[in-house]
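Read the single chain below, which is given as structure tokens and is the form predicted alone.
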Amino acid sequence: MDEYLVGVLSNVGVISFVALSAYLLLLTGEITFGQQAFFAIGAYAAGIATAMWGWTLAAGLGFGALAGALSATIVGVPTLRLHGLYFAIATLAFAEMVRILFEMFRYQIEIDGEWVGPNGADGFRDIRYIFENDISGMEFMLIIYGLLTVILAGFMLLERSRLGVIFRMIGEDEVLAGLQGVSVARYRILAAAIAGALAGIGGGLYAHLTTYIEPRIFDVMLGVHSLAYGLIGGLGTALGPILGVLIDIGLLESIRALSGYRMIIFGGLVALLLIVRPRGLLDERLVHRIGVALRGGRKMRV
């Protein structure tokens, strides 16, 4: 496969993790502009684990996921009473605080005569695990999509489980969910932790894909896009955010004739779909009709 295509597909797969993390919070009724913070925390944690501490890639990604989950839980507890715009602003403020902290964060050790590790605004270079272990671009892409497949399978199980029903119930009406005996606070924190872990895994993969990260990569636009992917792709299924990533990165960014107009087209598409299909392309109604059609039921109508 062409190296450019491998790079594009790898980037689509990595960004899908942060898109899915924002999607999970959307299911519980929360709009967040801060998932890039956990993406960054996972990237730095996984990079430090493999490049500086000599851990394996699996252990590094696990460490990134754990760091993302813990930090999301810490943020989730004090923001439990915030909703809507207030919650969105709080998550954005936290993400910017994390980005600024990484601009001041310096932690380096000497390896083979060179200093390796985060160096503030200059970034974190030489995260070269995949090169040092002879993992090709194609092989790393397969690792990315292998993990993404596992995550999607987990979402499919979630949708059919009591936990998935509770998440959507809270998203529809948390007061009614509370009246039916659901511990809204506990499940919101659980959703935040899972979303943080997803973003942390994605960040760890991103750090090893690019071999170099810096704080400005994890800016507010990454958070806005991760939220928009679910709104475009649809909230009826976990495939919705991935469809959004494919439209943005797989289509608008990868086609050179459109890349210069990417932000204009993407912003216009978000605005249009919020009017025409407020729950996205793959909304709950369409997903249900597709399911009926696949089971041999009545003819599907979009």
Partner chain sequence: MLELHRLTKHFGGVRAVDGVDLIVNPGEVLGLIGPNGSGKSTTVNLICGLFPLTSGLIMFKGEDISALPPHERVTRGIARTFQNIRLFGQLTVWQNLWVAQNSAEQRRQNPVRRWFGGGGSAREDIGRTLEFFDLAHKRDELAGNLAFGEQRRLEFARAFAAKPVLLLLDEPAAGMNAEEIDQLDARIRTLRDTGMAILLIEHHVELVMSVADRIAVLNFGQKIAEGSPAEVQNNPLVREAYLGTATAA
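Everything numeric here is computed off the predicted structure, so don't read it as measured data. Positions refer to the first chain, counted from 1.
Another form, the form predicted in complex with its partner chain, is not on view; read the next lines as being about it.
K.L.:
Which residue, Ile166, Ile189, Val75, Ala88, has a heavy atom that falls within 4.5 Å of its partner chain in the predicted complex?
P.N.:
Of the candidates Ile166, Ile189, Val75, Ala88, Ile166 is the one lying within 4.5 Å of its partner chain in the predicted complex.
K.L.:
Of the residues Ile100, Ala93, Leu157, Leu82, which one places a heavy atom within 4.5 Å of its partner chain in the predicted complex?
P.N.:
Contact with its partner chain in the predicted complex is made by Leu157 alone.
K.L.:
Would you please decide whether Ser161 lies within 4.5 angstroms of its partner chain in the predicted complex, comparing each non-hydrogen atom pair?
P.N.:
Flag for Ser161 set to yes.
K.L.:
Within 4.5 Å, heavy atoms only: does Ala177 come near its partner chain in the predicted complex?
P.N.:
So Ala177 counts as contacting its partner chain.
K.L.:
Look up in the predicted complex whether Gln108 has a non-hydrogen atom within 4.5 angstroms of its partner chain, and give yes or no.
P.N.:
Answer no; every heavy atom of Gln108 is more than 4.5 Å from its partner chain in the predicted complex.
K.L.:
Please determine whether Val182 contacts its partner chain in the predicted complex, using a 4.5 Å cut-off between heavy atoms.
P.N.:
Yes, contact at 4.5 Å.
K.L.:
Taking heavy atoms and a 4.5 Å limit, what residues of 192-220 are near its partner chain in the predicted complex?
P.N.:
Heavy-atom contacts within 4.5 Å come from no residue here.
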